[in-house]
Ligand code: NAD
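One chain comes next, on its own, written as structure tokens: the form predicted alone.
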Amino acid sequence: MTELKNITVLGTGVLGSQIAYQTAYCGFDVVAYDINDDVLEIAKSRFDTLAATYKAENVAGAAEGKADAALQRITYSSDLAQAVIKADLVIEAIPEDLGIKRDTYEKLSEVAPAHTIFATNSSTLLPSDLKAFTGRPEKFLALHFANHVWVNNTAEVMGTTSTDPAVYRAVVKFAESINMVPIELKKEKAGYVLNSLLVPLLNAASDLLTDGIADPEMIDKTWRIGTGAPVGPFQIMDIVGLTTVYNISTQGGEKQREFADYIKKNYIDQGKLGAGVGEGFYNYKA
């Protein structure tokens, strides 16, 4: 098994940028890929913000130059073939849309080196939903991160019946090497471990809102006071990003589709996409 040294991350959104930066922070060379150069310019600003955050939150070594050094290990590409030309591992963190993922993997399978391992960060699709598009199902699995990876440092590793056990072990080792705690799933499960616990909370919160029982602030306040949790469900949604929440909700049942319509009309269509842009259910601009 080839040592995983050169890492490419597909997608530079909220979580993709965190995965790429954390990997570079731990000494790996990283290529950050996205669909065009304009998106990559936004990504550079995200990486600068992450470097500042690591310093502000006193992540080990950040203030001594490690945060800035990580930025120098990241290169950028909007050319898929160029982005993966040296890749030992490609971590896909693109939108939760089966069609987009299918098209990306079909293109990726044609241009990536034969030894390259593919890992999806999808939080809703099973790796078996995607493996047929990869051209290398034995070198494909899920590697799912939690938001704020430098603090909430779980990495859920989930293979399919086709995944080579040696590939699985290599990805577990990689997760450890970037200071994650590998969560090894024994078989496929929609939602993995983390979202199997989290999604029922978010669904209950969305039902309370769309049924007119309480507003987001009151729901979050109740959860924080009643459980001691640092944030409530709508604050979590803001962190995840409302576009992702919307995409996932449109794939759910009637109540979830009603919630998707609600947030599209009242938030997304007004540019309120979550904490990443300064406003979602809450206003973060102040």
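This one's a predicted model, so the numbers in the text were calculated from it and none came from an experiment. One rule holds for the numbers: they count along the sequence shown, beginning at 1.
One more form of this protein should be noted, the form predicted together with ligand NAD, which is absent from this view; the next part is about it.
Trainee: Work out which of the listed stretches, 30 to 38, 218 to 226, 54 to 62, 245 to 253, brings a heavy atom within 4.5 angstroms of ligand NAD in the predicted bound form.
Mentor: Residues of 30 to 38 come within 4.5 Å of the partner.
Trainee: I'd like to check something about E96: if you look in the predicted bound form, is any of its heavy atoms closer than or equal to 4.5 Å to a heavy atom of ligand NAD?
Mentor: The answer is yes: E96 has a heavy atom within 4.5 Å of ligand NAD.
Trainee: Does R136 reach ligand NAD in the predicted bound form if we count a contact as any heavy atom within 4.5 Å?
Mentor: Heavy-atom contact with ligand NAD at 4.5 Å: absent for R136.
Trainee: Does any part of S122 reach within 4.5 Å of ligand NAD in the predicted bound form? Heavy atoms only, please.
Mentor: Answer yes; at least one heavy atom of S122 falls within 4.5 Å of ligand NAD in the predicted bound form.
Trainee: Give a yes or no for F140: in the predicted bound form, does one of its heavy atoms lie within 4.5 Å of a heavy atom belonging to ligand NAD?
Mentor: Judged by the heavy-atom cut-off of 4.5 Å, F140 is well away from ligand NAD in the predicted bound form.
Trainee: Only one of I100, A166, A214, L71 comes within 4.5 Å of ligand NAD in the predicted bound form by heavy atoms, so just point that one out.
Mentor: For this set of options, the contacting one is I100.
Trainee: Across 11 to 43, which residues bring a heavy atom to within 4.5 Å of ligand NAD in the predicted bound form?
Mentor: Contacts from 11 to 43: G11, T12, G13, V14, L15, G16, Y33, D34, I35, V39.
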